[in-house]
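What follows is a single chain, given as structure tokens, in the form predicted on its own.
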Amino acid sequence: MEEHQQTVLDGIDPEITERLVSRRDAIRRGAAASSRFAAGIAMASVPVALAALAKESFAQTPADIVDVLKFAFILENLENEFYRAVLGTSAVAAQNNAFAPVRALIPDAAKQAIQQIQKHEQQHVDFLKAVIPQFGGTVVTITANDFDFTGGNGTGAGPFIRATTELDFLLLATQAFEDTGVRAYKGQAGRLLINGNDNADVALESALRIHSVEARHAAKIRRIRRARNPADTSLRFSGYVRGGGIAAAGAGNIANPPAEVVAALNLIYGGATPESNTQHVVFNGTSAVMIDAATLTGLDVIDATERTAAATQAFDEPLTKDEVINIVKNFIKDDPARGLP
């Protein structure tokens, strides 16, 4: 298996926890002497502080770490510029104008949630922009002009164009962007598990902190969608993802979705390890073993269907880098100079 196809659950074990704890101890010991760490604390941002320490405290950085950070930077820009266009705050008037019809349909409560999510995405962009050079990388130039939120690769008339005029379609697209981000971070985390590399530990901890926020964004949007569609039980008030493929998207309230959108949703909630997966690798005290979370001993008091549903809800599943690129490539205009993530 290639490194970028490793999963978090395959890779994280008690050893990494110990390493992260040791890393925190080192940070505490060195904090007093680090001006950049102090600056990070002053910004009330632990990730920024960790980034400030990264270059001061460690030597070489594997290319994998920089690649993961640059990949995350492009995805975060995609999400951030999408929300800015939806809210009418993009630096590009054409992006704002495209979403004007649907913007007028967004209820105040949902708009406030989207505004808060956009602020988070801007912070993720700013963080990654600051941290990539600290790890020896070069930040790619990418602006609102580089995105086509209709999924048309620059035509402005792709299969997601109904997100600019229909509120339920917009919320479905928003949920899809967030869930793609969640699964993308999870798929990349395995590349940051590098034995004995403290830089990788720092990057991993920061990536997992962002991952958890992206998951909360997706859950929030899912709850908004369920409130608008009370009969659609595939959308859980809890915010959990249930099942896999198109069924996990909860697209039942979208009339006649384009085939390309159905295909995209199947990719977002499917993949080599679909969201419906119930089998996971765990450490049993002596070795790694595979378990099926839906058939664990003692759970047979629960209906089998509900037991399987609960098992799928209990775990987020990863997307590989190639799978994510296949999903987002039509939302990012081709640019040979920049390249895709």
Partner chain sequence: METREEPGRGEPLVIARAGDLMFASTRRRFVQRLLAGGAVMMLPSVFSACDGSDDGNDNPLGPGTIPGPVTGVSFDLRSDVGIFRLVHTLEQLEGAFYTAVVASSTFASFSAEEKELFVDLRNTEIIHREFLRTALGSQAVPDIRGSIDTNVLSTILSSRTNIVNTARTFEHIGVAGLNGAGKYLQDARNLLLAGKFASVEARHAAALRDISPPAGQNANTAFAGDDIIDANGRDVKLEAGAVLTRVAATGLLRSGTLASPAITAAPTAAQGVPSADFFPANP
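Rigid core: the largest C-alpha set superposing within 1.5 Å between the two forms. In this text, all values refer to a predicted model and were calculated from it rather than measured experimentally. Residue numbers count along the first chain shown, from 1.
The discussion below concerns the form predicted together with its partner chain, not included here.
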**Message:** Can you work out whether residue 141 and its partner chain are in contact in the model of the complex, taking contact to mean some heavy atom pair no more than 4.5 Å apart?
**Reply:** no
**Asked** Would residue 313 sit within 4.5 Å of its partner chain in the model of the complex, counting heavy atoms only?
**Response** yes
**Non-hydrogen atom contact residue 94 with its partner chain in the model of the complex at 4.5 angstroms** = no
**Asked** Is residue 225 one of the residues lying within 4.5 Å of its partner chain in the model of the complex, judged by heavy atom distances?
**Response** no
**Request:** Could you work out which of 120, 103, 84, 129 is the residue within 4.5 angstroms of its partner chain in the model of the complex, going by heavy atoms?
**Result:** 120
**Asked** Taking 215, 281 and 298 together, does each of them reach its partner chain in the model of the complex with some heavy atom inside 4.5 Å?
**Response** yes
**Complete:** Of 121-129, 95-103, 260-268, 155-163, the segment with heavy atoms within 4.5 Å of its partner chain in the model of the complex is residues 121-129
**its partner chain in the model of the complex - contacting residues of 199-227, heavy atom within 4.5 Å** = 201, 204, 205, 206, 208, 209, 210, 211, 212, 213, 215, 216, 217, 218, 219, 220, 222, 223, 226
**Asked** Quick one: core overlaid, is residue 305 moving 2 Å or more at the Cα between the shown form and the other one?
**Response** yes
**Prompt:** Taking the rigid core as reference, does residue 296 move its C-alpha 2 Å or further between the shown form and the other one?
**Reply:** no
